[in-house]
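Before any questions on how it binds or moves, here is one chain, the form predicted on its own, in structure tokens.
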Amino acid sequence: MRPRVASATVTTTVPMLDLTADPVELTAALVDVPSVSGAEATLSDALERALREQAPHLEVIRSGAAVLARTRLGRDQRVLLAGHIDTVPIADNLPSHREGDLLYGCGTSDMKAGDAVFAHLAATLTEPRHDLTLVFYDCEEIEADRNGLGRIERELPEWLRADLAILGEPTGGTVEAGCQGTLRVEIRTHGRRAHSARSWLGDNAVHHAAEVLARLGAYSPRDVDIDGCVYREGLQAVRIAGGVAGNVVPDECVVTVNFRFAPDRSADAALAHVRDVFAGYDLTVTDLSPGALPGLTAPSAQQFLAATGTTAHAKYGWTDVSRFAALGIPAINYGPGDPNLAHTREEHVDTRVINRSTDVLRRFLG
């Protein structure tokens, strides 16, 4: 456990957070502490201090820039609330500001509103129906090998044991179940370099990529219904690169293809499918993460879904629910932010959804 910093130093360097305050005000306070990926320490210090001082019923520890807390009440079930505290780079959208019911600022939607709801409930629910674990983690918005959840899984696996995991990713206050898997490959075509003035002496690798694009254009993606959630697959070229100069016939071209696949496919099955689509071409895998099944048949997930009074939908995109699913833990996405506003300059969150999400979770947990 990291040593406590003397209070005289903390008061001058660590922002004060009131976890018992209105969740909307707490959201604004979290947003106003910059925490771009890799630079979350100030916010981590503030959260750790607030949890230690305002939630004495919780066991609190640190893991790098992540803050973890939990109850030990001996309840029959444990619910884990997880939220990343990092953001994408700031785009002239700090400090936060209000316009009516909307709160603007970097990270409002993805996902400090969800963090605020979780932290508020952690401090104010002293006798929850279920035992609770809180995981506020770092480096979600960057490369996967730096993700704080991965570090916690390796170093503190007992802290991730639960009967249900709720990830506070922005869902607009609805339940988004599971997630798509993602695969990215590079497809190379080859030719022979030559001076473009004597192009007949060469063999243009960029022209050979036309067949790759034709296969993509002819591809028919699947719609897959799993537990009432329809996952839509997609196979798309996301980058193409070739050529070394304006007067040279290129001898290599690289087409980067991204496959978003339904969670009924394993990672190996997804890769095998893409190899079939592009049979005859050289493929290099640059990213591969499995999806997560909805997990809605678990009793704890059914109880939460009933508490929301809504119908679950498929999660389009990859989230860290995949990590929990791989551990055999039913996991869902539920947060007040709007996923369509994530990472934008105009990022904002509807404060009414913050309050509604807080009420739903309090009803389920309390």
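Quick caveat, the model's predicted, so the values are computed rather than measured. Residue positions are given as counts along the sequence shown, with the first one as 1. In this text, the rigid core denotes the largest set of C-alpha atoms whose superposition between the two forms falls within 1.5 Å.
We do not show the form predicted together with another copy of the chain, though everything after this point is about it.
Peer 1: When the contact criterion is heavy atoms within 4.5 Å, does residue 193 count as touching another copy of the chain in the predicted complex?
Peer 2: No - in the predicted complex, heavy atoms of residue 193 and another copy of the chain never come within 4.5 Å of each other.
Peer 1: So in the predicted complex, is another copy of the chain close enough to residue 74 to count as touching (4.5 Å, heavy atoms)?
Peer 2: Output for residue 74 is no: heavy atoms all beyond 4.5 Å of another copy of the chain.
Peer 1: Would residue 144 show up as a contact with another copy of the chain in the predicted complex if we use heavy atoms at 4.5 Å?
Peer 2: Answer no; every heavy atom of residue 144 is more than 4.5 Å from another copy of the chain in the predicted complex.
Peer 1: How about residue 285: is it within 4.5 Å of another copy of the chain in the predicted complex, going by heavy atoms?
Peer 2: Contact with another copy of the chain, no.
Peer 1: Looking at 199, 266, 126, 174, which is the one with a non-hydrogen atom within 4.5 Å of another copy of the chain in the predicted complex?
Peer 2: None of the others qualify; the residue that does is 199.
Peer 1: So which of 253, 270, 135, 152 reaches within 4.5 angstroms of another copy of the chain in the predicted complex, heavy atom to heavy atom?
Peer 2: Looking at the other structure, the residue within range turns out to be 253.
Peer 1: Tell me which stretch of 81-89, 110-118, 226-234, 96-104 has a heavy atom within 4.5 angstroms of another copy of the chain in the predicted complex.
Peer 2: Stretch 226-234 is the one.
Peer 1: Looking in the predicted complex, is another copy of the chain within 4.5 Å of a heavy atom from each of 241, 245 and 317?
Peer 2: So, yes: the whole triplet contacts another copy of the chain.
Peer 1: Counting only heavy atoms, which residues in 195-218 are within 4.5 Å of another copy of the chain in the predicted complex?
Peer 2: 195, 196, 197, 198, 199, 200, 204, 206, 207, 209, 210, 213, 214, 216, 217 sit within 4.5 Å of the partner.
Peer 1: If we fit on the core, is the Cα of residue 128 displaced 2 Å or more between this form and the one not shown?
Peer 2: For residue 128, whose C-alpha is compared between this form and the one not shown after core superposition, the shift is less than 2 Å.
Peer 1: By the 2 angstroms cut-off, has the C-alpha of residue 222 moved between this form and the one not shown once the rigid core is superposed?
Peer 2: Shift of 2 Å or more: no.
Peer 1: Does the C-alpha of residue 147 move 2 Å or more between this form and the one not shown once the rigid core is lined up?
Peer 2: Stays below the 2 Å threshold, so no.
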